[in-house]
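Same chain, two forms, each on its own as structure tokens: structure 1, then structure 2.
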Structure 1
């Protein structure tokens, strides 16, 4: 097992390098140069050229890539000109917020999605199946930002059950209860779509498995129907559900961008959108690379979980 994890980690290196290349290439496509963006369109050409030289932007692209890569490896992601602080500091601080939000949502959608899918499949065409199918359809059809806005309107403005926005109260203790209070609405809004997708997939994976011969074997040896569903069928269905959980984690991270904006949540997504609008490219680059790298590592965890579940995967 240790060898397997090591192997997966080593094989992630080219992927991580690929990510930096892609990000760098996209950013190199940008017309105009950052110096103009920094200094404004009224800057003199001399000043722009000087800043370009200072930033090392006059070197060929491949040199700039390696300089950028080398700096990142030493923890230097550059400095954000719009915030005037090191990119890494800002990203780390913001990523913390995103992690809380997206992590909670991911746990919610995994648990409820799988449960809903199993219940749906176990009662195929029954009322529970119909109700779940309908809820899932609504869930995957509603834009999460619209859902978030409606939740604010109903639960925060009208019912006043939860705060409207933010991560912490402006006055008062920053304790876990305050966090839960602020987290509930955005986490649910973010989880809904992924729950729907996972539930659908879990349902069809369960239906697929329930028709297999080994389920008939379990029944023929007298296993209770409950055991057939939860012990035999779900375990086998998890083999195809787990990779989807990995993909959905990416979707939850992505959806977090919208939810962070709607709920004014201090996360990395909101930071990225602001950085794009102010053309703070180092911040965009750094943020994208950092989050993508975290996601790659998370997918290794998913692969390891998969190999623990399925002995047929060579470790």
Structure 2
């Protein structure tokens, strides 16, 4: 297992290097001058030229890339132009909010998606299967940002059950209950689509397992149907379900950008949108690379979990 984890970590290095190249190239191709955007009304030719020299923006692109990559490998992600603070400090501070939102949504979609898929497969062609299939198709068809806006209109504006936006109340205590109150709507809106995808694929994996010989053997031995479904079939199906969870983790993490904008949630997604609008290159590059590294690391964890369930994967 140790050698397998080491191989996966080594294989992640070229992936991360490729991400840095792509992110840097995209930001370099964006039209406009960052110095002009930073200076605003003070963007005289002299001031623009001076700021480009101070920030190193007048150097060739390849040279700027290797300087940025070298600094990042030492833990220096640079300093944000617009915020005048270290990029890594800003990203870590904002990532806490994204981690709470995306983590909660991922837990919700994993639990409810797997449960829905198992129940649907166990009652194939029954009323439960039809109801779950209809709900899943409906959930997949609704964009997360549109669902979030509708939830704000119904549950926050009309019914006033939940806050409209934000992570904490403007006035009052910032305790766990206040956080849950603000987290409920954005977490559900972000989890709906991923729940539908997981449920569909979990149903397919369970149906395939339920047709195998060892399930018929378990039933022939008199094992209760509930034990057959949840103890035998689900464990075998998890080998196929776990990679889907890893893919949906990336969807939830990327989809958090839309939800953070809709609900004004103080996370990395909202930070990146603001940084793009202000042409804060280092903040955008550092934020994207950090989030990508977290996603690659999570996929390694998913692969390790899958290999524990199916040792053949390590060979």
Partner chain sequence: MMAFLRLLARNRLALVGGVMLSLVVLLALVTPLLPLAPPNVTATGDRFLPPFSEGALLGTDHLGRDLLSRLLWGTRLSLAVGFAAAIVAATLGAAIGIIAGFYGGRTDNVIMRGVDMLMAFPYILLALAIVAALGPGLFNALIAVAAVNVPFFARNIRGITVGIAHKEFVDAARLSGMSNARIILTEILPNVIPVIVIAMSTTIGWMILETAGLSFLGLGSQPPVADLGSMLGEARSALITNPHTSVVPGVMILIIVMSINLLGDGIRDALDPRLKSGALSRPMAATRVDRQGAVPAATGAGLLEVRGLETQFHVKDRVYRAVGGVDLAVKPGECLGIIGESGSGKSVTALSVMGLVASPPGIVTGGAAYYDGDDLIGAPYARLRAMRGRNVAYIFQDPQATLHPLYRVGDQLIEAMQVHQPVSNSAARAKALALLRDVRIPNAEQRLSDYPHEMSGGMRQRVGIAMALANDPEVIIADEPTTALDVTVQAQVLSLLDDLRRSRGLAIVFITHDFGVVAQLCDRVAVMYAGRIVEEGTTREILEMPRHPYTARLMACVPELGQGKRKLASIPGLPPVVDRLPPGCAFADRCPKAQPVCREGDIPLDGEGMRRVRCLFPETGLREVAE
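Whichever C-alpha set is largest while still superposing within 1.5 Å between the two forms counts as the rigid core. Residue numbers count along the first chain shown, from 1. Keep in mind that what you see is a predicted model, and the values were worked out from it rather than measured.
J.: When you get a sec, tell me if the form predicted in complex with its partner chain is 1 or 2.
T.: Between the two, the form predicted in complex with its partner chain is shown as structure 1, not structure 2.
J.: Rigid core fitted, then: does residue 67 show a CA shift of 2 angstroms or greater between the two structures?
T.: Moves: yes, 2 Å or greater.
J.: Taking 2 Å as the cut-off, check whether the CA of residue 291 shifts that much or more between the two structures after a rigid core fit.
T.: No, shifts by less than 2 Å.
J.: Once you lay the two forms on top of each other by their rigid core, how far has the C-alpha of residue 7 moved between the two structures, in Å?
T.: Shift of residue 7 at C-alpha, rigid core superposed: 4.4 Å.
J.: Fit the two forms on their core, then tell me the C-alpha shift of residue 21 between the two structures in angstrom.
T.: With the cores aligned, its C-alpha sits 3.3 Å away.
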